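Next comes just one chain, in structure tokens: the form predicted alone.
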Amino acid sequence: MIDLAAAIALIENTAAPLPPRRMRLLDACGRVLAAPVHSDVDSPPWDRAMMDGFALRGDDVAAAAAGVLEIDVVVDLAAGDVTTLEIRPGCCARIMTGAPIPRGADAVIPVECAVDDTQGTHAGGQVRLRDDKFRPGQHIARQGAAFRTGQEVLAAGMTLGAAEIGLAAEAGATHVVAAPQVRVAILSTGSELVPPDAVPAFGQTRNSNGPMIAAAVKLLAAEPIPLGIAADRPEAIRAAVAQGLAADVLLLSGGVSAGDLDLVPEIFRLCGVEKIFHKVRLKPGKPVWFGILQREQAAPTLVFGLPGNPASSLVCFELFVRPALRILAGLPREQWHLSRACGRLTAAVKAAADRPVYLPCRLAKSAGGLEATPLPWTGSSDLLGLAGAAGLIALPAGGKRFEAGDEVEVVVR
């Protein structure tokens, strides 16, 4: 049995980012870019209007008597319209936001600056304009002002969110090279388990671990691959494990403790999985198992044997599996783990004598800082208490009783 910090360090040192691959742009959403994106166009691609109004020569405005310019509208330009017409002195174009600036024009006067009821003037009419704040070149986005052809617009290592996807699309990138989605096989073991849609008979229990772990995987933007339930028979578990070892990660719950039917560690060994650690000083979650399968023509498969009790299984997922999935996805270290904070207890709790304990709690901000309220919880099989938890109170080993008002470390979910 090893300490919690040592177990986490072994996982961090064993997991490595998956090899990047080329994928469709939208499929890369939320992934880490492995190669930079360069633009194949200028942005804007041409001088364009930034406001609805009238595109004209700035010299005409400077020459206007009494500050009001009466000028002929010679063309209407909406976004997407182009014209070969040149704007000459005494003329202007009625132009919409986003439309290309016609030759000869070097400024836009907003439509709100039209006076004497001439705001609705179109080609063939005259508009009267007064812009007391006019400045040369106003309201025009110049070609290449944002970026130029060939410029790197997204650097390797960036995470692709909505804005980054939009920028890549504007730059002409239909595909990018990014960290792939981590594929996670999920297997529940136990002859007593039945699917969630079955009514359990006497001695049976619904498989809550499968859906719970699949949801936790999906919340980390990885791909859950449910393998269902394997009964406590070596041949059934081994067949399911062999299937799951084709994924990037295999998460198995149950069968890793010390009972007669805790068959999983031996089956892992027979399948060629190298054990890195088994059992951690932790409550709940002591029986957790971690190993790795080396594959000749693919990245290694990380293998976790999680405890069968659902609360233990989820705590182990958050402490051990989460960082592994984040590392495989190529995310930076600051995103590997749940954040930790200092909280003040609102009720007394007692630590375990022999190992650190994690207790579900509610969290609330107050004038004095973060308050941690322990939730009613009957132990490692109790998901009801864990379901309402915004965090976990982390108590060190030693059996100390912590009173209301004491400061404790809190893991924020």
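Residue positions are given as counts along the sequence shown, with the first one as 1. Here the structure is a predicted model, which is why all the values come from computation and not from measurement.
Below, we refer to the form predicted together with a small molecule, which is not included among the displayed structures.
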Contact at L56, G58 and Q138 by the small molecule in the model of the complex, all three, heavy atom at most 4.5 Å = no
Specify the contacting stretch among 206-214, 138-146, 124-132, 276-284, defined as having any heavy atom within 4.5 Å of the small molecule in the model of the complex.
-> 206-214
P102: heavy atom within 4.5 Å of the small molecule in the model of the complex?
-> no
How about G305: is it within 4.5 Å of the small molecule in the model of the complex, going by heavy atoms?
-> no
Although the small molecule is absent from this view, report whether P224 comes within 4.5 Å of it in the model of the complex, heavy atoms only.
-> no
Please check if N309 has a heavy atom lying within 4.5 Å of any heavy atom of the small molecule in the model of the complex.
-> yes
Consider the chain as shown here, without its partner, and state which of G291, G255, G343, G244 has a heavy atom within 4.5 Å of the small molecule in the model of the complex.
-> G255
Here the chain is shown alone; which of D76, D262, E164, D106 has a heavy atom within 4.5 Å of the small molecule in the model of the complex?
-> D262
